[in-house]
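Below you will find one chain, with nothing else, as structure tokens; this is the form predicted alone, and questions on how it binds or moves follow later.
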Amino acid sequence: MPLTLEIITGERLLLRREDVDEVIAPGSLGELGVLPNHAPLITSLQPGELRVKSGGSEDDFFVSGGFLEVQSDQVTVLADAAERDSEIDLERAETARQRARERLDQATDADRARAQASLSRSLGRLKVLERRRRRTSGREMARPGA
């Protein structure tokens, strides 16, 4: 029996699929894989890549944090923010990474955590884009808005 997956943010239902073979998520203690018949679970998520495998294909998402819950074969991701790989703007992600690194280099103790969180989010988006680039096997990647 496959998994049913919902990815929900405060703004929208990003995804609902009923034919998911595996969900790989950035859990707070490391990468977490969920297969059918997984034990019930609630965990927090850190910024990073969420991978959804179904029928031999894989879809990649960026989540900026939130929670993942497993109940029976239902997986619910309540994300602070989430984007499909096709929604991520490469130039914007690169610019955000540069800004975050500059802020981190100049940050006082009070600003360091915020700068580190910003850097983590931008690196997560870039990782999702890199996986998409590798998956498309060198075909030119269309950027949103292009």
Partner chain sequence: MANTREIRRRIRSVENTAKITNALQLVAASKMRRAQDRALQARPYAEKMREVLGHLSGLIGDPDASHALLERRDVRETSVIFVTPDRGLCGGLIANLERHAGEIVLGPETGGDVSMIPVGRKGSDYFRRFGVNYHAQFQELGDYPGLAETQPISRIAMEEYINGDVDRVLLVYASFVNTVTQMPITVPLLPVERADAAEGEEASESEYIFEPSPQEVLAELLPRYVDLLVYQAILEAAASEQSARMVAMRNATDAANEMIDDLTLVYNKARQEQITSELLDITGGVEAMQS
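As the structure is a computational prediction, the values presented were derived from the model and not from experiment. Positions refer to the first chain, counted from 1.
Not on display, but discussed next: the form predicted in complex with its partner chain.
Partner contact region in the predicted bound form: 74-82, out of 74-82, 97-105, 51-59, 115-123, criterion any non-hydrogen atom within 4.5 Å of its partner chain. Of the heavy atoms in residue 12, some are within 4.5 Å of its partner chain in the predicted bound form. Although the partner is absent from this view, residue 70 contacts its partner chain in the predicted bound form, with a non-hydrogen atom inside 4.5 angstroms. Taking the partner from the other structure, its partner chain in the predicted bound form has a heavy atom within 4.5 Å of a heavy atom of residue 43. Taking the partner from elsewhere, residue 110 is found to have every heavy atom lying beyond 4.5 Å of its partner chain in the predicted bound form.
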